[in-house]
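One chain comes next, on its own, written as structure tokens: the form predicted alone.
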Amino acid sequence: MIQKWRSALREVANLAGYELQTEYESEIVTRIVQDILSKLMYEHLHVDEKLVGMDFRLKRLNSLISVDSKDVRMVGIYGIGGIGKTTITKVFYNQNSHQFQSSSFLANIREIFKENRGLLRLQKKLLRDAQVLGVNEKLTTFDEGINMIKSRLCHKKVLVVLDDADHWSQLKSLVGKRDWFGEGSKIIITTRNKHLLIEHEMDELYEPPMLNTNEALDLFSEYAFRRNHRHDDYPSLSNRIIYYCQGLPFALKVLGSSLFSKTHGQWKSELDKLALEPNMDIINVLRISYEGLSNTQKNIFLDIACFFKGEYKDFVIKILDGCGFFAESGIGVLNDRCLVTILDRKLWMHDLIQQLGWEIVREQGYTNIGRRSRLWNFVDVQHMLIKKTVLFMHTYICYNFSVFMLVYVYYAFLILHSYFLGNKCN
């Protein structure tokens, strides 16, 4: 027992304390109280316990933010919906917010911004989280909020997170410039739009990578089997899910949860259905990025999803420019929003993003194929040609006349040629 006491006293003696030096005793007491309060009262955000691959991603984020540095740093995290931007940021916030005088996590900015005076509400929350806005103190205009943030936070070391930002005015009104905040402050912004971060001149940008195969299997198993190891009875079916999700964490969680406690036959049936009918929970999360596009950009996205995935960028631009789509600019926007990637001069997209594009076109005519603006499946094309549906011709003539007719007929010819050639060979 005595030895334990000695060890405990030795440990206490080695703890770093506060040095008085030239400070008054009242000042050091105030500093100690503030330090203790910041550790006891900081907001702890809920994070799913089933985290996979977090250590590597968190280490990367820590290196970009440099919590111990004295400079004010702004770091942006971007990527498609469901990649884990918010989760990574929450974990960082929980682990580090006690190192700041004040901290504020502004969640769901995109949705709050749509509400009446939503931006003003966000400014109030930031000021209250920073403990610089009184309970009865009023804030009536955006400009007043900006001036208050600048004047009251410029001497405080704060951690501020803007989660799911999607408009430049949100950044300008909440974290406009670095000199709004005190020495050592850190600002983190998550978004689906990379260009938003570039425009705000962030110090660092980070795109979390997709989960690798082992990480994906572990995460899927957590939800499908309620354990962090794989199930020996479902190896091939599990691998099909992993291939389908392509490392997207949200998709793995959704499908894993939906398959929990299901039979082997139900698993197979669900997987077969996914090839034709996507899970709408996943599609709706991905659709948010699509909805933020202009009409022209939406058309470019759908054309790439239906016809041009894996094609050379320059080839696609020539065709789409002929339709008046300003493709160079449009493809740049799709790339910034992580809907399209450019690799070796070719256009690529995540398989689930492509399935989003297919589903959007199907919605134009679930029961009447002739109402769809695009056809990419040879069975559908064959059906339309055999039926000689007038609406089929009307859709394409109305949808940018001659150039698109050439593109669709060209692809229809290739598909049908391949189909009939295959039958002939057999």
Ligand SMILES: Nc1ncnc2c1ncn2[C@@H]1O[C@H](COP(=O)(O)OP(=O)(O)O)[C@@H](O)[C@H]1O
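Since this is a predicted model, take the numbers as computed values, not measurements. Start at 1 and count along the sequence shown; that's the residue number.
Just so you know, the form predicted in complex with the ligand exists too; it's not on screen, but the next bit is about it.
**Student:** In the predicted bound form, does each of Val75, Lys172 and Val175 have a heavy atom within 4.5 Å of the ligand?
**Tutor:** No residue of the spot touches the ligand in the predicted bound form.
**Student:** Within 4.5 Å of the ligand in the predicted bound form, heavy atoms considered, which of Ser221, Gln355, Thr86, Ser104?
**Tutor:** Going through each option in turn, the one that passes is Thr86.
**Student:** Just give me the single entry in Gly184, Gly256, Gly330, Pro249 that has a non-hydrogen atom within 4.5 angstroms of the ligand in the predicted bound form.
**Tutor:** Contact check passes for Pro249.
**Student:** Could you tell me if Gly82 has a non-hydrogen atom within 4.5 Å of the ligand in the predicted bound form?
**Tutor:** Flag for Gly82 set to yes.
**Student:** Should Asp68 be classed as touching the ligand in the predicted bound form when contacts are defined as heavy atoms within 4.5 Å?
**Tutor:** It does not: once the ligand is placed as it appears in the predicted bound form, Asp68 has no heavy atom within 4.5 Å of it.
**Student:** Is there a heavy atom of Asp48 lying 4.5 Å or less from a heavy atom of the ligand in the predicted bound form?
**Tutor:** So Asp48 counts as contacting the ligand.
**Student:** Since only the chain is shown here, I'm wondering whether Cys338 would be in contact with the ligand in the predicted bound form (any heavy atom pair within 4.5 Å).
**Tutor:** Heavy-atom contact with the ligand at 4.5 Å: absent for Cys338.
**Student:** Could you tell me which stretch in 211-219, 149-157, 117-125, 273-281 has residues with non-hydrogen atoms within 4.5 Å of the ligand in the predicted bound form?
**Tutor:** Stretch 211-219 is the one.
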